[in-house]
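Here's a solo chain for you in structure tokens, the form predicted on its own.
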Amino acid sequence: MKTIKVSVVTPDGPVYESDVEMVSTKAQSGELGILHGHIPMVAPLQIGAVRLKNGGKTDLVAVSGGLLEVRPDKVTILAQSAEKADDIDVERAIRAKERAEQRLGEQKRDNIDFKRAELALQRALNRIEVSEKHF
């Protein structure tokens, strides 16, 4: 099977670069599966996992939204933050989840920005889920 070059990049630099057979991720318009030769496109991504399949192996990268650019022979993901599954600090993600849940619970009393806390919770849950699927 032909492969496609994939780069996942954040403002801090590259997180993942490899040739893979298939890229699967969630865009805001729905689930995408990308193979070599896919038509060019640009799509905004949701907070979620990027699944990178090559042979019998699947690598997972947790992304916090961003943009996906597809060319026939290359996929570039520009994300505000991204972590490979084995690089995720699970205890830190659990603490972030607990802080976000606490802020959401206090939202009415302290008038904390609900949307910001909700996004923090989604990011933390995504990191925890990606790290668990890895093992």
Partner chain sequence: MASLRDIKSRITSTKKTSQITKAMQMVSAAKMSRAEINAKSFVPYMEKIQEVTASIALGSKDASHPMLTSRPVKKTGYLVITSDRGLCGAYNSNILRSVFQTIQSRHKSSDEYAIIAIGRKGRDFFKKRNMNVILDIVSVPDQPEFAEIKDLASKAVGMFADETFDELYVYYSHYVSAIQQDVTVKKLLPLTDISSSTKLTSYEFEPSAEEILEVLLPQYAESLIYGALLDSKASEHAAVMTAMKSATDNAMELINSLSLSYNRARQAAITQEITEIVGGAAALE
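Small disclaimer: the values here were computed from a predicted structure and weren't measured. Numbering follows the first chain given and starts at 1.
One more form of this protein exists, namely the form predicted together with the partner chain; it is left out here, but the text below deals with it.
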Answer key, the partner chain contact in the model of the complex at 4.5 Å (heavy atoms) among I94, L67, L104, L35: the residue is L67
(message) Within 4.5 Å, heavy atoms only: does R71 come near the partner chain in the model of the complex?
(response) yes
Heavy atom to heavy atom, is T10 within 4.5 Å of the partner chain in the model of the complex? yes
Under a 4.5 Å heavy atom criterion, is Q80 part of the interface with the partner chain in the model of the complex? yes
Would V90 show up as a contact with the partner chain in the model of the complex if we use heavy atoms at 4.5 Å? no
Is the partner chain in the model of the complex close enough to S18, M22 and G55 that every residue in that trio has a heavy atom within 4.5 angstroms of it? no
In sequence order, the residues of 6 to 45 that place a heavy atom within 4.5 Å of the partner chain in the model of the complex are V9, T10, P11, D12, G13, P14, Q28, S29, I39, P40, M41, V42, A43, P44
